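What follows is a single chain, given as structure tokens, in the form predicted alone.
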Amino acid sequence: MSDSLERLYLAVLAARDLDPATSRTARLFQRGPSKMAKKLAEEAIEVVIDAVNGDSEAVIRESADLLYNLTVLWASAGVRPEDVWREMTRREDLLGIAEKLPKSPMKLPKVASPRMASRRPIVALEGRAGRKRH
């Protein structure tokens, strides 16, 4: 997967200086970060709607569009895919691959080397949806 996104990123970089009349990527760069962000948000909403509607084929198509627009925004912001992969590795070392870092600070156990720490197991989330929160 990371190879595909790396190739996409390099293609986006190559296309940013093409003729905006013939290149969607060049047109996005010409219009700037706010237009890029708007397109990314639109694609994210489309993925969500298709997922809620149970249309997995549409989720696949819209997810590809979402990744394209995310990659364009990365290139505009000077973010490289390897920067994102490094952050993903850091998070995996802290919490496990299937967890998102919390918004508020949390205390994490101190270890000499995060890579050497035992990772949290990946757990199935099955059955969680049925629980009510009070």
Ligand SMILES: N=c1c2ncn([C@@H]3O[C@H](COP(=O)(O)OP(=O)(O)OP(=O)(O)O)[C@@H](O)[C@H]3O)c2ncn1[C@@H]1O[C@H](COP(=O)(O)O)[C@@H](O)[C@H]1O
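What you are looking at is a predicted structure, and each value in this text was computed from that prediction instead of being measured. So that there is no doubt, residue numbering starts at 1 and follows the sequence shown.
Missing here is the form predicted together with the named molecule; even so, the following discussion is about that form.
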| item | value |
| --- | --- |
| Contacting member of 65, 82, 92, 55, with respect to the named molecule in the predicted bound form [4.5 Å, heavy atom] | 65 |
| Any non-hydrogen atom of residue 8 within 4.5 angstroms of the named molecule in the predicted bound form | yes |
| Residue 43 within 4.5 Å of the named molecule in the predicted bound form, heavy atoms | yes |
